[in-house]
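Read the single chain below, which is given as structure tokens and is the form predicted alone.
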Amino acid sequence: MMEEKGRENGVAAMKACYRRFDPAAYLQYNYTPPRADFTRKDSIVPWKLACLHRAFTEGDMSGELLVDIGSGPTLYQVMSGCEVFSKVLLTDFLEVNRQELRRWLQDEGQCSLDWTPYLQHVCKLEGRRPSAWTEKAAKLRQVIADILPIDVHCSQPLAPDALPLAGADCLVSCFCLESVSPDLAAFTRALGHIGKLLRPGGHLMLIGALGESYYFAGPGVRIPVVPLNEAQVCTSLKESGYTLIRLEVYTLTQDMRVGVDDVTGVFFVKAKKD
């Protein structure tokens, strides 16, 4: 009983941290140069996009529905997947993030970040002209079916009728679980919770921070993070019913450490639900 109370308090404290989350500042900190410099091979965002592109185009993905878990205010994580799956659901705990995503989806022109360079870069990865980005944007808007509230700390993270009975064919989740969990046990539980949304044999793509204990989500808004290492990620996946297909690691160069967090590396995982 006491343990459960402590668990709930930890999760409640994390949720309280997010009340001051500032989507525009978060995007500025993490999704502009040097972290998003498309002229550099060693920049972190092009590395993430390359990992996702490869994972989605290896030919082992099938089905119709891709669900992005904890989208935040970002779209890059579904730019490759929208070519493979005919339906994409974006999800986030925070209404401010869902609002940011809706602005892009409805093409209202008041987005906090211009996603054009991202779309152009993914087009290049796909062997298309960068000018095909307009078609890609149209395709992405067409396949995004909804933007839903989610809580990865609930054993049923989405509303019961949000998904078909069989579950999603693929999940992608970037910098969500370790950033909203008070400790490693909560991170592992959250992995198990989202696994309930995935059909057996479905794929999980996970991108997350290594060695990070905090990040800034706005001026003076410091959010604690579970500092993970590769072994812990692998153990948590196994305990949560996934089989690891691939783990890749990016180590941050000095100039990628821009003072908005203390992250040392980023992991990319491709796994399959048992």
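Predicted model only: the values in this text are computed from it and were never measured. Residue positions are given as counts along the sequence shown, with the first one as 1.
Same protein, other form: the form predicted together with a small molecule, not shown, and the subject of what follows.
The small molecule in the model of the complex comes within 4.5 Å of a heavy atom belonging to Arg35. Using a 4.5 angstroms limit between non-hydrogen atoms, Tyr242 is distant from the small molecule in the model of the complex. Although the partner is absent from this view, Arg40 stays clear of the small molecule in the model of the complex, with no non-hydrogen atom inside 4.5 angstroms. Using a 4.5 Å cutoff between non-hydrogen atoms, Lys48 counts as a contact of the small molecule in the model of the complex. Between the options Leu228, Met205, Leu65, Ile44, the residue in contact with the small molecule in the model of the complex by a heavy atom within 4.5 angstroms is Ile44. Comment: 174-182 is the region of 196-204, 137-145, 102-110, 174-182 lying near the small molecule in the model of the complex, near meaning a non-hydrogen atom within 4.5 Å.
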